[in-house]
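Okay, here we've got a single chain as structure tokens, the form predicted alone, with questions on binding and movement later.
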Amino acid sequence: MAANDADARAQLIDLAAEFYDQFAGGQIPEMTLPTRTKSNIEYDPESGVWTYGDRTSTRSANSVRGARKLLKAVYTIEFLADQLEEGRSSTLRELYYLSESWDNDEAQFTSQDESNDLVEDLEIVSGVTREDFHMRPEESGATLMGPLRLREQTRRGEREIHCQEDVGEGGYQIPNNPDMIEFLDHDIDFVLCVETGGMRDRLVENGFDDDYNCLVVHLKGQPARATRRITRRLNDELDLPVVVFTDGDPWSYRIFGSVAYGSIKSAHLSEYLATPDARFVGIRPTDIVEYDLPSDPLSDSDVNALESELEDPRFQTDYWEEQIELQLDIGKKSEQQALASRGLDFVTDTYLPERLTEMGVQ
């Protein structure tokens, strides 16, 4: 799906040319997109990811509101095309502020959500990702730590990095566009995606990456697109098992869901970002009971989220239905770091090795 700068720019120019041709032919300019609502999101059991359905909506200049949207699209296309031609990049936040300098007040964005949504619209209609438009989110800070050697393209040229030997304890920071990375060599047996920074640091301090030939990916909460993309590439290209280690609450289960199946917001990129083979190794309600873990009571929003997950196609398996129903029954949730109640080494010496062995990963 990755495009070079010339191809990405050409796709943008083609969009602008399509508006011009509509004008020249006496048509009211319009842009057709999948309807981006929850009711138009479908779970594809064959690919195991979320995709948009068949319903579409049209952005047309036949109303003042619609004309403003297309005007903003044209100004954004011009900005992105110039950026690609100059070999520059910018953040989503900068795009929002840059519109303040555009010569037409009607083209300026009223909020960053509006500019973010427009960039996603352009991704969908062009088939080119925002990363290939040289658009960056604010830094996610997600990292890799483990026996992987890679080659990275930087503005100073290529550089080779070993994600243990050439980095500090903080690890290798995942770049905005992981498709610029080439995997050179590795001694990895599996990829462990970890939700929290505290648990990531515990694993690294205890040498889990060394002892188990493991690549530790810090998700940093809800994972950024770059984190999900590199995880998908590790699974696809290196044929590595991926397991996701999170807290034991409904919001953390959704973090697993976004890694494994994709998210509603990025349904147009699910086959590019999601890793359907990923498996859950996080804190289970059965762990809360079996290990008598320190826990907190479920809040009303937790209960509502769990009940919603029982209706979510991503979680309609015997395993998840059993775990969620047990959690509703015990009324408790627990964090990864609650495992420290059994000692700082328990997670690396006992919990993870036993779980991974049960799953056939180790």
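Values in this document were obtained by computation on a predicted structure and should not be read as measured data. A residue's number is simply how far along the shown sequence it sits, counting from 1.
The protein also exists as the form predicted together with another copy of the chain; that form is not presented, and the subsequent description refers to it.
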Do residue 218 and another copy of the chain share at least one heavy atom pair within 4.5 Å in the model of the complex?
-> yes
Mark residue 197 yes when one of its heavy atoms lies within 4.5 Å of a heavy atom of another copy of the chain in the model of the complex, and no otherwise.
-> yes
Does another copy of the chain come within 4.5 Å of any heavy atom of residue 145 in the model of the complex?
-> yes
Contact between residue 340 and another copy of the chain in the model of the complex at 4.5 Å, heavy atoms?
-> yes
Looking in the model of the complex, is another copy of the chain within 4.5 angstroms of a heavy atom from every one of 55, 67 and 106?
-> no
Answer among 86-94, 185-193, 120-128, 269-277 for heavy atoms within 4.5 Å of another copy of the chain in the model of the complex: the stretch 86-94
In this chain shown alone, the residue from 78, 179, 152, 287 with a heavy atom within 4.5 Å of another copy of the chain in the model of the complex is 152
Note which of 14, 354, 345, 21 lies within 4.5 Å of another copy of the chain in the model of the complex, where distance is taken over heavy atoms; exactly one does.
-> 345
Using a 4.5 Å cut-off on heavy atoms, which residues of 205-222 contact another copy of the chain in the model of the complex?
-> 205, 206, 207, 209, 218, 220
